[in-house]
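The chain below stands alone and is given in structure tokens; this is the form predicted on its own.
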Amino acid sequence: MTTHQSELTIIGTGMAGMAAACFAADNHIRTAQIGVNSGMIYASGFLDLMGVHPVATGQTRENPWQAIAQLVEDVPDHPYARLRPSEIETAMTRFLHFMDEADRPYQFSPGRNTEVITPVGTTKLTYAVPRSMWAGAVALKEKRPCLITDFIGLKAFSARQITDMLLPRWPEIRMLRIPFPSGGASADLYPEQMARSLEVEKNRLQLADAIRPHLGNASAMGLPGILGIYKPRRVREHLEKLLGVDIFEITTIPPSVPGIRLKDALEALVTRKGVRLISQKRVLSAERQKNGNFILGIGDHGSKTIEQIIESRGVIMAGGRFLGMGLHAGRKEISEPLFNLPVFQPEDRALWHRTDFFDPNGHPINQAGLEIDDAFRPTDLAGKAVYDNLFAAGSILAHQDWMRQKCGAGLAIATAYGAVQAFRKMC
């Protein structure tokens, strides 16, 4: 059985895990990372920092930094409260630099959120927008003449629905539905296949020829998120040159091409930075040695067979909640299965959910998770760190409702930064 030595081991390959791996590698920390399917394939591609507070009133916030300041005052146990505003800003700035390195650039408006179009024709506020979608945010703000295009056979994306929803506030928006090049008039289409198809130049030429007669006075055009998997910038810029308009993507329902791009780009980036990435494996066991190091058994979750061992000076738990198996919901309680850590949760399972599914206050189970100290170390019931070299980041943390607060990416990135910084100070 193979044994590896690591200074820091990160459990999880979602946004928090990948951000932690990037921060650790940039600090020259010898790092290993373990995880199975990343939840990023379900991501829209947007990087939310803070969009709604308080959730009970659904108040949207144009200024995410003011929203965070108010949140920390109102909810002092929220993970953001463990960081200074300057640290959160540094974390986001450095992560956006990583995305530039990965050739997946983002754009944002300093000091405020940006309004973007969703796949159902509503809009939302987010902090940072993939470059492939930025022209849509500009067109929406300026109400420029715009054509939204979809394709016969593409499910769950309707240019008509999007334009119908936006038309009352955007008079010069129109829709177009056409066959996809080589897709056939009746064939079912899937965004990932379409994106791979548009990596081929002749298919882009055919697509441009099909759209050109319908452009009219449009100065911007929106497409579903299909502008290539590996070379999205090349695909988009080529189509813009062919058609003479600004082109932008609108993310599709999960799994989305922007999410797949994000996952692939970050996996490639952390590998280039020297992280030992152990994909499609789980940490099956964890023991702490007398010297304080952790011994982690790695293998397939299904077989339960340990295939390799990692001895690590420190560990960051960034595996998410129930879907990522960072937490387990049993018949009576929520547990943390790997280190047997205490989990903040309602006193009784009957209190996990409110009677009304759409209750504006959300459900108490969404606030369940690990409580941490100021060094991002999980604590016991008395508030004392369980281990001085065990840290946690991302959605596994308690006292946050990232989906309703619209802070998922910001929470993941900022707490990953905080955990890595805490590990550095420990060393």
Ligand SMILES: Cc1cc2nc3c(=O)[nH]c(=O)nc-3n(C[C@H](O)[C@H](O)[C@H](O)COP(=O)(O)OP(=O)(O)OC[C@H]3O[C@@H](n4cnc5c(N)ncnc54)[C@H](O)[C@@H]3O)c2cc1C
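In case it trips you up, residue 1 is the first one in the sequence shown, and so on. Quick caveat: nothing in here was measured; it's all calculated off a predicted structure.
Another form exists, predicted together with this ligand; not displayed. Remarks below refer to it.
Please determine, with the chain shown alone, which of 210 to 218, 324 to 332, 129 to 137, 158 to 166 has non-hydrogen atoms within 4.5 Å of this ligand in the predicted complex. After filtering at 4.5 Å, what remains is 324 to 332.
Tell me, out of 320, 191, 232, 314, which residue has a non-hydrogen atom within 4.5 angstroms of this ligand in the predicted complex. Flagged contact: 320.
To verify the annotation, which of these, 247, 283, 71, 173, has a non-hydrogen atom within 4.5 Å of this ligand in the predicted complex? Residue within 4.5 Å of the partner: 283.
Please check if residue 46 has a heavy atom lying within 4.5 Å of any heavy atom of this ligand in the predicted complex. Taking the distances in the predicted complex, the answer for residue 46 is yes, it comes within 4.5 Å of this ligand.
Give a yes or no for residue 419: in the predicted complex, does one of its heavy atoms lie within 4.5 Å of a heavy atom belonging to this ligand? No, residue 419 is distant from the partner.
So in the predicted complex, does any heavy atom of residue 59 sit within 4.5 Å of this ligand? Residue 59 lies outside the contact set for this ligand.
In the predicted complex, does residue 338 have a heavy atom within 4.5 Å of this ligand? Because a heavy atom of residue 338 falls inside 4.5 Å of this ligand in the predicted complex, the answer is yes.
Under the 4.5 Å heavy atom criterion, name the residues of 16 to 34 that approach this ligand in the predicted complex, in sequence order. Heavy-atom contacts within 4.5 Å come from 16, 17, 34.
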